[in-house]
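Have a look below at one chain only, the form predicted alone, in C-alpha cells format.
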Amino acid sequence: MREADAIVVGGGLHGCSAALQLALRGRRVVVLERRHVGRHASGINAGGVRTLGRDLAEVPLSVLGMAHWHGIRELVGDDCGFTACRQVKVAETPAELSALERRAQAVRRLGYDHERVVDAHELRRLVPAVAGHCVGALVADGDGAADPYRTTHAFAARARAAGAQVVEGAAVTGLDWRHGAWVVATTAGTWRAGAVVNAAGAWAGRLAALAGDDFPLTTRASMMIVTERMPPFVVPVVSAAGRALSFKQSASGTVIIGGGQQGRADLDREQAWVNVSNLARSAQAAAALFPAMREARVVRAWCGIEAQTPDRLPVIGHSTRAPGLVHVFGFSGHGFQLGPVCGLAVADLVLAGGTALPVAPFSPARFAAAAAA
C-alpha cells in the first residue's frame, strides 16, 4: 500500500488544479485518473473563460478567478491559449435588452462592475458581423477564452513538477475509512491518505456514494460544433440572451459553436453521442446571429460528459458524513473558468478545514438540508 497526504480522484482541470495547490504547499499528492488527463469535459469543452452572466452566487468566486487567468503563465508555465478577447451576450429584442440591464443592476448591487450594457451602435463596433436586428448586449471586457485540453494538461504538468504523482489508468474500485485514514483501491494499486478530494466529474456521485454521501445528480452531454476555416469576422466570444449559444472564432479561422444543447450520455460505457436535432438548433442559432455562418460547413461535432446539480451550482466543500473527504464537482457546464481558483479553495479545505474564498453557497450540506425539508 502506497502512502500520500492527499489523494485526488479525477484528472480533469479541477482535480489537477487542487493537486497543484496541495503540492505547492509541500504535501504528498497523488491524482488517480481512470483513463487519461482531460479525457472528458475538462479537455473538450468550449473553453469559455467568463464572469459574464454567472449565477449571482458564483459572481464573487468567478471574479476572483479571473486574476488567475490573467496570470496563468506565471501559475503553470503556459498561457493555455488564453486570450482576453471579451465576452458579449447579445440581445435581439428590446425585452431581452431590458433583462440584461436588470442583470447588470443586480451585479452592481453586489458590488461588482465588470458587466456593462451597450447599445446597438456599440455592439456593432465590437462585433461588426452581428445580424442587423440585434439591439444591444451585455459585455465583460476582461473575459475571453482558452484551450481546454492544453489548460488541463498544463495544470497536470505543473502539478507533477511541483511533486504530485499523476497516475493514469487507475480506476477506483474501493473507498474505505480505516484507522483514521482513507484507503483507496484502484486497478493500478492501493493508496492510503488522510484526505481524499472527489473531483471525479460526471462520476463524482458514484464516488461520493462509496463514502455514504448521496447527491441528486443528473448527467450533461453538452455538444460542440467546429466548422471549416473562414476569413476572420468575430473577435469576442459571443452568446445570446434568448438562445442557447456560445460562439467564437479560433486563430486558425474555424468557428466553435456550443451553448449547452444536449446529446446523450452513458456513464457505464463512458460514452456520449450527438443528438442531430439538438445540434441543428445550435447551428440555427449561430446563423441567426451571424449571417456569414449560413453557408458554413460543419467539420465535426462532439459532446462531453459532466455532472449536473438540481440548482446548476457546483458542489465544493467537506462531506457531511465522511471525515477528510472534500468534494469539488457538479459544475453543470460552466466550471472551466473556475478551475484555477477552486484549486486554491480545495487546498484550503483539505489543509485548514475551511477557506476565506467565497464557496459557502456551494456547500454539500445544502442537499442534505433540502432532503430534510
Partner chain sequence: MRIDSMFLKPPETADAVTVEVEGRPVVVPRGASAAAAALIAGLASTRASPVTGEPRAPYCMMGACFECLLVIDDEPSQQGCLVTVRPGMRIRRQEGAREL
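What you see is a predicted model; the values in this text were computed from it and never measured. Numbering follows the first chain given and starts at 1.
What comes next is about the form predicted in complex with its partner chain, which is not displayed.
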Report summary line: With a 4.5 Å heavy atom cut-off to its partner chain in the predicted bound form, the contacting stretch among 78-86, 288-296, 205-213, 99-107 is 288-296
**Report entry** Residue contact check: Arg229 to its partner chain in the predicted bound form, 4.5 Å heavy atom
**Finding:** yes
Report task. Tell me, yes or no, whether Phe233 is in contact with its partner chain in the predicted bound form, where a contact means a heavy atom of each within 4.5 Å. Result -> yes
